[in-house]
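Coming up is one lone chain in structure tokens, specifically the form predicted on its own.
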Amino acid sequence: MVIAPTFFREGAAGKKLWINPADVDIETDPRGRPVGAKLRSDGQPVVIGGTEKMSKSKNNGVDPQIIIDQYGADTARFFIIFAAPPEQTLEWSDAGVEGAFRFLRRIWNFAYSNKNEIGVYQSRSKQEPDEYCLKALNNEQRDVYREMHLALKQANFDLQRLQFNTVASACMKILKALEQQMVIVTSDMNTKAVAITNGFSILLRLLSPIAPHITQTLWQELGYGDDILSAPWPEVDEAALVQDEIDLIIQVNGKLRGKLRVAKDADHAMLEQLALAYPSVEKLLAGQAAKKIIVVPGRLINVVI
């Protein structure tokens, strides 16, 4: 069910004359809360009613064609899917539509800002398989690659539960991961091209049921293929989800002092040694022995002094 704000004026005999939200300018306080509204045609105040189900009787419906004409059908589709899961109420928001449009524009801009990297990879003769190139990623690249496949794994699970709104949010996470991938410094540009090309292919295929027009256009223009609908559904790289190293928070007397990257299978004694050798911890100890070292596996090390 789609709901939207209502506006009205008192007519003859107390009858309410309902006014469409598209014809109203809303005044807000510094926190963005509505404090008043005026009819655009005459500049006179109107009463702000409650937020209710869109209906002809309350004149609070939104014509999808207006959204489509201004932003395109993909924006309208993405906003509706992202705003709420199918079984919950969807509150219409012009700001939400703007946000959906900005996200799709980010995808478009990313594609054309990096079309050379993707194009070079697509056109070159593959002397090495993708798997080899992906294994050559440095630690920072591998972390971002892992985040992308974690988002894909969750999206595939949510699709089975018909939770389409979280699939849309997974697309946002993958785009963010791809943007992070581009700013990572690496001496091997070939691995970056492979990571970007594979990642953007996953993003386009995951997004295609929600925003079919932009994804089909980019799929063709970037050289992935002729028809995105005939492409196989993206699969999770399970090997990418396995972590050889993890980040642990370093604390001194419960206060954050930094992060430490360690081998996932490092034992308790090794973690204690690494914590005591951490620069900020070593400085605070000033040659003294720690009273106690608390290790919370997979999370943190707290040195008590």
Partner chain sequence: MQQDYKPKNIEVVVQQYWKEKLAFRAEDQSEKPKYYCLSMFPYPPASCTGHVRNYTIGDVLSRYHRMKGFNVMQPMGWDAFGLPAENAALANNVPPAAWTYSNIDVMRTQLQSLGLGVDWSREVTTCKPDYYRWEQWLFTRLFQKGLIYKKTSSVNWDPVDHTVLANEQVIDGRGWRSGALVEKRDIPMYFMRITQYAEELLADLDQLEGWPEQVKTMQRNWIGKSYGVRFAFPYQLDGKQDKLWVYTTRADTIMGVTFVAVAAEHPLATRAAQGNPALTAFIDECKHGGVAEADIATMEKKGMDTGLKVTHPLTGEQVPVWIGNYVLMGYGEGAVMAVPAHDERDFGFAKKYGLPIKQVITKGRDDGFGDGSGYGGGTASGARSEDGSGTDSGGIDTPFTIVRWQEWYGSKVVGVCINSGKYDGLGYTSAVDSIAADLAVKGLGEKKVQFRLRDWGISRQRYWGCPIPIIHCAHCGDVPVPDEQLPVVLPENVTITGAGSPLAKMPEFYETTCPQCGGAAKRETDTMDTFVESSWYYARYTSPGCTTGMVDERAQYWLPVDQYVGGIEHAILHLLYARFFNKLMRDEGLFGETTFTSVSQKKKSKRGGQNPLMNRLPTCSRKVW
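Computed from a prediction, not measured in an experiment: that's the story for all the values here. Residue numbers count along the first chain shown, from 1.
Quick note: we don't show the form predicted together with the partner chain, though the next part is all about it.
J.: Which one of E52, D247, D69, E27 is close to the partner chain in the predicted complex, taking close to mean a heavy atom within 4.5 Å?
T.: Checked against the cut-off, the match is D69.
J.: Would you kindly say which of A170, L137, I80, A177 lies with a heavy atom within 4.5 Å of the partner chain in the predicted complex?
T.: It is I80 that has a heavy atom within 4.5 Å of the partner.
J.: Within 4.5 Å of the partner chain in the predicted complex: all of L90, P212 and A231, by heavy atom?
T.: The answer is yes: all three residues contact the partner (heavy atom, 4.5 Å cut-off).
J.: So, E235 and the partner chain: in the predicted complex, are they within 4.5 Å at any heavy atom pair?
T.: E235: contacts the partner chain in the predicted complex.
J.: Within a 4.5 Å heavy atom cut-off, is D74 in contact with the partner chain in the predicted complex?
T.: Judged by the heavy-atom cut-off of 4.5 Å, D74 is in contact with the partner chain in the predicted complex.
J.: Is there a non-hydrogen atom of V2 within 4.5 angstroms of a non-hydrogen atom of the partner chain in the predicted complex?
T.: Residue-level check for V2: yes, a contact with the partner chain.
J.: Could you tell me if V62 has a non-hydrogen atom within 4.5 Å of the partner chain in the predicted complex?
T.: V62: contacts the partner chain in the predicted complex.
J.: Given the stretches 177 to 185, 137 to 145, 157 to 165, 190 to 198, which is the single one in contact with the partner chain in the predicted complex, using a heavy atom cutoff of 4.5 Å?
T.: Answer to the contact question: 157 to 165.
J.: Using a 4.5 Å cut-off on heavy atoms, which residues of 260 to 293 contact the partner chain in the predicted complex?
T.: Stretch hits: zero.
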